[in-house]
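Before any questions on how it binds or moves, here is one chain, the form predicted on its own, in structure tokens.
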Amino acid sequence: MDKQNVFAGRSLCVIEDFSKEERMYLFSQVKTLKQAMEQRDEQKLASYRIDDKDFGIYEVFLENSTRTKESFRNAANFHHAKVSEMSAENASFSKGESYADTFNTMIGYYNSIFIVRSKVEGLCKYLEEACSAYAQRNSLYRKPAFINAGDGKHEHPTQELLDEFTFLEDNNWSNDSLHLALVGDLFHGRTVHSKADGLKIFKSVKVDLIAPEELAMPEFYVERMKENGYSVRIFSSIEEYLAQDDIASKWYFTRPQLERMGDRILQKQEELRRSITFTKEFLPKIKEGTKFYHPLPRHKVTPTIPTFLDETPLNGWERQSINGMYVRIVLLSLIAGRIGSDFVPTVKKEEAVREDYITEIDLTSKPMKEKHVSEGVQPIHNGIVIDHILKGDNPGEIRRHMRLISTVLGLDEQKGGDWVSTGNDDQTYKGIIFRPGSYDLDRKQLKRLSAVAPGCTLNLIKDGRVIHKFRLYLPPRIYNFEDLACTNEACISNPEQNEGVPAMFQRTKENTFVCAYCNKTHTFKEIWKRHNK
């Protein structure tokens, strides 16, 4: 394997695991491979093949699939490699074994690429971390690579790759702009969720979201699209969408998964399906050159793209499906290191993440002020005072959160008290926690406090004087704390999964925390296990 190949041994857990530049290179290779397939250019095709019967490609489909599974199987067979498979009913998970133990075992059998579909969100990211450590501990020849073939409602990055390739193909290979309508079940659809980041390969993006409220795109993905510079519009039905003039030339339909949503939704399923199903009466409003796409399958009784459209120029979904195998052949070839050594990425200096969320105030330069004591709070001679907790919230919420802070910092068994007071304006509420005694908080404890009470002030008091004063803000990352938990029960790091995966969160531009595995957004109040009991 060429050590200079930046693709070799890489995992694709989410679409952003491959940069825009890397994806554009991948698409150029897919274009060449597709031409070679159509022309039966065996010499060119051979240059893509892994052609190693000892190279292990393992399909692990823990959720039912037809197209993705068969597309990958045929792509793997193209490579003349060792192809194995495991299904949910035959897996050791049903016997109570952890995901890490099962996959580590298979890595020891010289399997190099794992294609994984599961209802557990973030599974591939976790396996990439855990199994890479296993391979290193045991001096295995290859670091395992993981390809996410769909994880719950989270992402489907290889579907996103083939979608992007097809959009480019119908855009005369230009990535200057894209106007795309997303139609259908945008709530459950991992294929449309992947587009929140995936469509960044286009320089200018306009997205029209067409779905009734019950099937609407989750707010996190809407905000992510806006953060990425997309122009986003929202419509409740195709009829409403076509009542205005700015109509997309590319439409992406998804199958409504109403069976996941309970009896209340099923009782109004006809109305919901009607709002996202294309009918003949809409045809005069569609401009020439428009293409329809669908990740498939279509429902045989109530398809959002009815079969009368199969023979029309609108049909882009059939070629889209065929492109799937070409994209996956190239992806496997890249990860195996067979191709890609000629790709030289543009070197960009990564911006350092600012870590100044813990700021110590220089007390020597501050003039002495008359101390203002909140009503009911007595000064302490030695100890800590945490002030300005949830400033501006209501008293009940402040009290609840101070109990959480006390637990997170291990202050429950200490003397002292909690108090809700007002500031100098006597109108804005804030919380105060005071604990007498000797305290010497280290960096880790300060980080815990900044994560559970951003915006607070911490005073360390000795002999009646403040000797250290800190202002704390939301940290850019938080991890390595046992009492953290993602609230998404489908996430690999949620305690309900019983996998022992430590929760990790990253700060967003909106000062919320997003799970590093499943991308669920949380407030700083929601990431603690005690809060969620």
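Since this is a predicted model, take the numbers as computed values, not measurements. Residue numbers run from 1 along the displayed sequence.
Not pictured, yet referred to below: the form predicted together with a small molecule.
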Contact stretch among 61 to 69, 37 to 45, 472 to 480, 495 to 503 - heavy atom within 4.5 Å of the small molecule in the model of the complex: 61 to 69
Residue (of Arg117, Arg338, Lys200, Arg435) lying close to the small molecule in the model of the complex, criterion heavy atoms within 4.5 Å: Arg117
Interface residue in the model of the complex among Gly108, Gly96, Pro297, Gly289, criterion: non-hydrogen atom within 4.5 angstroms of the small molecule: Pro297
4.5 angstroms heavy atom contact with the small molecule in the model of the complex for His154: no
4.5 angstroms heavy atom contact with the small molecule in the model of the complex for Gln159: yes
